[in-house]
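Read the single chain below, which is given as structure tokens and is the form predicted alone.
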Amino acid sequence: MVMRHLIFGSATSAQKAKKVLERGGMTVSIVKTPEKYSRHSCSYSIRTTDSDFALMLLKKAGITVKGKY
């Protein structure tokens, strides 16, 4: 099972995204984004196994994803 990460600009955005994804039936966790992916800013990521489904749910909820790795 491959884990994917979706990057958010703040802990608050990541927490909102986590709630949306959990309501959609996904199991996710919030992690601090590694510095090499965060472009020297304080960002957080969501770990998931189905990034396509997660992106669809987040788009419907109006939550912006800064990037993925």
Partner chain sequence: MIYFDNAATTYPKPESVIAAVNNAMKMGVNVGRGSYNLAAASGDTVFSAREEAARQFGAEPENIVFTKNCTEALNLAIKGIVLKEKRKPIHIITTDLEHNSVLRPIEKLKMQGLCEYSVIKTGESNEQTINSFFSSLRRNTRLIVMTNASNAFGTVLPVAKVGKLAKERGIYFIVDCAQTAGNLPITIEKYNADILCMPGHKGLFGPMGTGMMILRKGLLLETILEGGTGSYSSLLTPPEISPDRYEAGTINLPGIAGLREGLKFSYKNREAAYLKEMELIRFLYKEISLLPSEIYTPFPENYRQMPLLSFNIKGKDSSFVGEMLAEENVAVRTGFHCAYLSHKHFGTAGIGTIRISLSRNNTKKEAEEFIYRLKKVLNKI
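Residue numbers count along the first chain shown, from 1. On a predicted model such as this, the values are computed, not experimentally measured, just so you know.
From this point on, the text means the form predicted in complex with the partner chain, which you will not see here.
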Practice task
Please run the contact check for R23 against the partner chain in the model of the complex: heavy atoms, 4.5 angstroms, yes or no?
Solution key: yes
Problem - Contact test in the model of the complex: M56 vs the partner chain, heavy atoms, 4.5 Å - result: no
Problem - Interface membership of K36, the partner chain in the model of the complex, 4.5 Å heavy atom rule - result: no
Practice task
Answer yes if any heavy atom of T49 is within 4.5 Å of a heavy atom of the partner chain in the model of the complex; otherwise answer no.
Solution key: no
Problem - Partner contacts in the model of the complex for 21-39 (non-hydrogen atom within 4.5 angstroms of the partner chain) - result: R23, I30, V31, K32, R39
